[in-house]
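Before any questions on how it binds or moves, here is one chain, the form predicted alone, in structure tokens.
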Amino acid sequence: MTDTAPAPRTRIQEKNTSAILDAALEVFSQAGFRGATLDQIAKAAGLSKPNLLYYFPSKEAIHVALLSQLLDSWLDPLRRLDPEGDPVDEIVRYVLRKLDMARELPRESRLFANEILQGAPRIHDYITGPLKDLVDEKARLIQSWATAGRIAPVDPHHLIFSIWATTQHYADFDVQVRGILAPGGDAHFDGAAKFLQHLYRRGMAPD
């Protein structure tokens, strides 16, 4: 007896899966995992609850699917730090990529933040495994730049944490930022980009 590959999804199945995940992203990013319900997600997706359960057996299954997609794209800018590039340029480029993601993917950022605030029950193994491995790898690269005098002396892990904090803030605390700045559209992101580029270029310039 030979194994057979699963049948490919139909166009309708792909459409409904995408609608469920997009609706769930909106609901989870606003209500968090605990506050979200399958009824809310089904309504936002324009589907009945039984139809939703045909695609995903539980709220947790939807949440895990979203987090899996998010983590892959979320870490791509860090993976792209180039050992052969100019160190200061590479760090600033990473900052601006992260800021662009905060601008373009605010719901995804809030989804991740909510998961972390709950203690990361669904991605803790990922954080202590693949994520830690990637951060440690890039921290060694940053440390090598500092040791060679190509950037200012810096604790590489705290540098990465500071980049996450100063970029994802604009997504996770969007209401606060907009309440204070009252920007027209997303104009404040342009100001943030100029400020952060100046901050990190000055801060990372070798002594």
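All values reported here derive from a predicted model rather than from experimental measurement. From 1 onward, residues are counted along the sequence shown.
One more form of this protein, predicted in complex with a further copy of the same chain, exists but is not displayed; see below.
Check each of G46, P50, G35, G149 and return the one that places a heavy atom within 4.5 angstroms of a further copy of the same chain in the predicted bound form.
-> Comparing distances to a further copy of the same chain in the predicted bound form, the residue within 4.5 Å is G35.
Taking K15, A19 and A42 as the candidate spot, are all three within 4.5 angstroms of a further copy of the same chain in the predicted bound form by heavy atoms?
-> The answer is no; none of K15, A19 and A42 reaches a further copy of the same chain.
Does W164 make contact with a further copy of the same chain in the predicted bound form, using a 4.5 Å heavy atom cut-off?
-> Residue-level check for W164: yes, a contact with a further copy of the same chain.
Touches a further copy of the same chain in the predicted bound form: H158 (any heavy atom, 4.5 Å) = Within the cut-off, so yes.
Answer with yes or no whether L141 is in contact with a further copy of the same chain in the predicted bound form, where contact means some heavy atom within 4.5 Å.
-> No, L141 is distant from the partner.
Would you please decide whether S73 lies within 4.5 angstroms of a further copy of the same chain in the predicted bound form, comparing each non-hydrogen atom pair?
-> Contact check for S73: no, nothing within 4.5 Å of a further copy of the same chain in the predicted bound form.
Residues in 113-146 with any heavy atom within 4.5 Å of a further copy of the same chain in the predicted bound form = The stretch touches the partner through A113, N114, I116, L117, Q118, G119, A120, H124, I127, T128, L131, K132, V135, D136.
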